[in-house]
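Given next, in structure tokens, is a single chain: the form predicted on its own.
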Amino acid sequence: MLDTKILKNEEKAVFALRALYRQYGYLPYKMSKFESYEYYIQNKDFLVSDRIITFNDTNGRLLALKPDVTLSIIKNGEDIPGCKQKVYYNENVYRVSENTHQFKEIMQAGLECIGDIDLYDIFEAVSLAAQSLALISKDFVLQISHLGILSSVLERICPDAIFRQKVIGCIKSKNPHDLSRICREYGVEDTLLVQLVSAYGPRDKVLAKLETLGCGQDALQELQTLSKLLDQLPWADQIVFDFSVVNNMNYYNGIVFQGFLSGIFESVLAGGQYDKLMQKLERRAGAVGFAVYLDLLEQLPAEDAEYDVDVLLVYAEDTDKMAVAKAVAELTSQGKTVSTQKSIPEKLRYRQILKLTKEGALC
């Protein structure tokens, strides 16, 4: 039986998340560590960074170490009317770190639901995102937004593409001051946008505020239905609405979300609907999914065990080695951890010390 005490936070998460996703019918998906460089460069706007590690294959073809999982899954799937491809993964990707600005191997776990999806599938993805966070830490928050509502507001007040790009940057950084300044520069009334950006918190209160703003009714109704479904979850109070959550609007649409854990100051989970990306890659299906960035879990405090081992077993140089082996086998069969030593290590923390005589007796 696996002793989870010896696992790192990210390793524990992998085991727990695999079991969770399998429970909901998601099947494991395994892929190569590299893909055609051309495929990634054609879709570089979707990537976190366009800096990619490349190398030449034996036939001269330029390959790239995988910087993203979702793109690979989309490329290798197919559209089957009325069906859904439900997969989960645990893969390493290779990206430039925002902190060190150097390439980093990043462990990800996540899932994708691709095909004839509906609001239930979106709810299931959001629910599994919340459960994923809860498995790692009970102290979490999942923030949800709806890009359909944001798009309708932006289109109503100013359809200029550059204006939209500037405004979205302010929304992401929760910067109402610059948001108002940009609106003034474009001669646009900022009241509606400022109110939307400040729509954060308990879902019922945010929905009430959105109703007064006259946002897109179809998107608002979808958000209301989703909220009712989420009310049934054990962690309903930890799932909030936050319209500063904005993924790449050239690829994402509808529901998007981010997850945070106490003690980590950046999102450890991100996802949403990406029908626009599917269309760009000439797929007819819809899609929703998310990724958990397991490398960030290193920032969580590790369990500080009181002891390094249960038993320190000390034996002399001339002790019969068969006796040592039998003593260790007996102790480990009782579920104890054992360190065999010929003298007592200065920094080793042990619960119990046993000495093995030359004749093989424990004392």
Partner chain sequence: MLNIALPKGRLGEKVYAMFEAAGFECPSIKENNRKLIFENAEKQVRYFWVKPSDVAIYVERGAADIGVAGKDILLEYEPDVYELLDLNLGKCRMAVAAPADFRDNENRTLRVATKFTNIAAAYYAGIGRQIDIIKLNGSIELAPILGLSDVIVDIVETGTTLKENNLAVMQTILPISARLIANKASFQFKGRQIESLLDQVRNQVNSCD
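Positions refer to the first chain, counted from 1. Predicted, not measured: the structure shown is a model, and the values here were computed from it.
We do not show the form predicted in complex with the partner chain, though everything after this point is about it.
When the partner chain is considered in the predicted bound form, Y200 lines it closely, a heavy atom lying within 4.5 Å. Looking at E124, you'd find every heavy atom of it more than 4.5 angstroms from the partner chain in the predicted bound form. Although the partner is absent here, N175 is a contact residue: one of its heavy atoms lies within 4.5 angstroms of the partner chain in the predicted bound form. None of the heavy atoms of E155 is located within 4.5 Å of the partner chain in the predicted bound form. Comparing 207-215, 278-286, 73-81, 256-264 against the partner chain in the predicted bound form, the single stretch with non-hydrogen atoms within 4.5 angstroms of it is 256-264. For the residues E105, E189, D231, D139, the 4.5 Å heavy atom test against the partner chain in the predicted bound form is passed only by D139.
This chain appears without its partner; in the predicted bound form, the one residue of S244, Q131, Q85, N247 with a heavy atom within 4.5 Å of the partner chain is S244.
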